[in-house]
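First, one chain by itself in structure tokens, the form predicted on its own.
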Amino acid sequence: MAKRIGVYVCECGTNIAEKVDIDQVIAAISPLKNVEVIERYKLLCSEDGKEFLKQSIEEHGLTHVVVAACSPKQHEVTFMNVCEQAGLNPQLFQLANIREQCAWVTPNAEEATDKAIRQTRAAISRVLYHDPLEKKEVEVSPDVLVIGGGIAGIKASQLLAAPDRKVYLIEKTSSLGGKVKSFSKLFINMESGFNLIEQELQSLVENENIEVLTESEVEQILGFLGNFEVKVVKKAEDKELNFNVGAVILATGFDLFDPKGLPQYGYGKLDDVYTSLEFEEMNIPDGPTNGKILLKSGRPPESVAIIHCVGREEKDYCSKVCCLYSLKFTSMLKSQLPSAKVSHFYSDLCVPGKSYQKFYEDTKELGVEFVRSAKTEVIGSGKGITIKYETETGAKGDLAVDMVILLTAMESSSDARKFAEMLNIPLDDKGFFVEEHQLLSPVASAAEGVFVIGCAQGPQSIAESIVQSEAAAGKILSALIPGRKLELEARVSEISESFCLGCQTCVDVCPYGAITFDETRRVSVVNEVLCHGCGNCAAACPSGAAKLKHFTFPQIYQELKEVLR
């Protein structure tokens, strides 16, 4: 069958047209063999542009299509879908990036045009060697596993549960609510954290599509988006549960830095030196002091020091919300003990946003002292506790106080490494889960179908954690639709049995666990359901047995041959 290639050059508004001479590109490409038609269009990704492309493919009976436009990351799928709608196998398409790789990075218009011609010729040369790969589909489970029963996990469960979708909410402790249930007040409105959690739990309990498993640990997760096999051990009956889900949400929360390792703050040695969470619990009506702020002696404090950034230097990052809840503590102290003197010792303040700034300004009006201190030490004295500090200018001072509250750093959950290894997803150098892309995929992980929300990926406020819960739920709802099959990646790896040496290099470099070693045949085998087509195996294979469909040696050679002319 004769090859009939359609070439379409997008002006991209003025992004490409003002730097690349498109008429010159068309003149250079038109005489090439197999080019049936070459057209220019102002904005091919627009609705009108896509309709124009579809009609042109059908009208000219094209067998292959090349579009010279923008980055494949942005619109490759867009144009592949148009090809499919026009009855053309979408794998018989190639996108030449003449915007990011030519117009935007080459100041000289003549050079940009020359590069655009070479890029387009390369795409034409390559597309002739494409194979019409076929789509594959698999059945999926719409159910979801949520690990962590804090506010992020609770909200995600509520959003996802439906008559045709079951949610398994796993919590390793005996109750839900996480650390928020220990917060007597929440900034900025100073509402009760306990009451907030109670409202959410009531909604959770009433939802018959959510199965809550407390005092339970996830022991194993195997599989991929749409088909994960989960093993959970329920500790209270020592019972093993097995079930399938389509997606996993990690909402494992955070731990607090233990200040016992920093003797300069006197924690664990001096009475009336508390962590932030201990002070929170003191203010809960049914807490250790029945909601009253009291010293160990039973009397209320007359002076309180709030020390910021405890553990920040050791952790080497800001915990983001400490300054805000320090202002909340001030409000709580002044509300219950109006005459108490409150002093803040800080290295710098982090108060982002207009509402938080107002909260800070309102707090200052309560008569609170803020001391910018380069060095702070808590020591015992005959009178009780003395704060020795040194300001940023070098001035030194002492302050006698009755109570000290340490704002300790938020650190990664103790479970983080366990799940990172179980799901083959990375942790950053601070021990938090790494999102797939900080801007473009802020709640997805490197493992497709696994999402990370709330403080599992770093210090967050309650509001931010809830927003991430909503984002992850939205991603899952759009990907796992009950009754609909999941389309697999067509451009996957394959391994030639006759060339495979059995070295298992491909097994080691595959980030998705898609390659296993067949001990009987002594060859590596690709599971196409798990393969994402990253090409690591093809690049690392010493014998050339592994190759990536759609990125074969002939295809890449033909492309490079034209680019390097």
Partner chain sequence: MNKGQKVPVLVIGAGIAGIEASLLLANSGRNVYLVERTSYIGGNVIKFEEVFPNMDCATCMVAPKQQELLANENIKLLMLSQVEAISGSFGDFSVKIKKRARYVDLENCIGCSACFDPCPVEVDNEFEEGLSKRKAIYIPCAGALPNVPAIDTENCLRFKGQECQACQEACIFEAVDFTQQDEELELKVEAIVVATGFKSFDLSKTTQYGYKKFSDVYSAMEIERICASNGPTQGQIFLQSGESPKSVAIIHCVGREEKGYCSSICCMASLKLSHFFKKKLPEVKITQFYSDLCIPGKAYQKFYEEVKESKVDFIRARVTEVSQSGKELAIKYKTEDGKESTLTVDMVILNPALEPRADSAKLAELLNIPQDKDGFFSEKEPDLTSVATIQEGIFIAGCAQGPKDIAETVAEAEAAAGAILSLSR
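Just so you know, these numbers come straight off a predicted model, no measurement behind them. We call the rigid core whatever largest set of C-alpha positions still superposes within 1.5 Å between the two forms. Positions refer to the first chain, counted from 1.
Beyond what is shown, the protein has a form predicted in complex with its partner chain; the following relates to that form.
Partner proximity in the predicted bound form, defined as non-hydrogen atoms within 4.5 angstroms of its partner chain, places exactly one of 380-388, 211-219, 189-197, 231-239 at the interface: 189-197.
Note on contacts: among 108, 478, 174, 339, the single residue with a heavy atom within 4.5 Å of its partner chain in the predicted bound form is 478.
Proximity to its partner chain in the predicted bound form, taken as a non-hydrogen atom within 4.5 angstroms, holds for one residue of 120, 252, 94, 457, which is 457. Its partner chain in the predicted bound form is approached by residue 438, whose closest heavy atom lies within 4.5 angstroms of it. At the 4.5 Å threshold, heavy atoms of residue 43 reach its partner chain in the predicted bound form. At least one heavy atom of residue 354 is located within 4.5 Å of its partner chain in the predicted bound form. Although the partner is absent here, residue 101 lies well away from its partner chain in the predicted bound form, with no heavy atom inside 4.5 Å. Contacts of stretch 364-393 with its partner chain in the predicted bound form, defined by any heavy atom lying within 4.5 Å, are made by 372, 392, 393, listed in sequence order. In a rigid-core overlay of the protein, residue 100 has its C-alpha displaced by at least 2 Å between the shown form and the other one. With the core held fixed, residue 182 shows a CA shift below 2 Å between the shown form and the other one. With the core held fixed between the shown form and the other one, residue 214 has its Cα displaced by under 2 Å.
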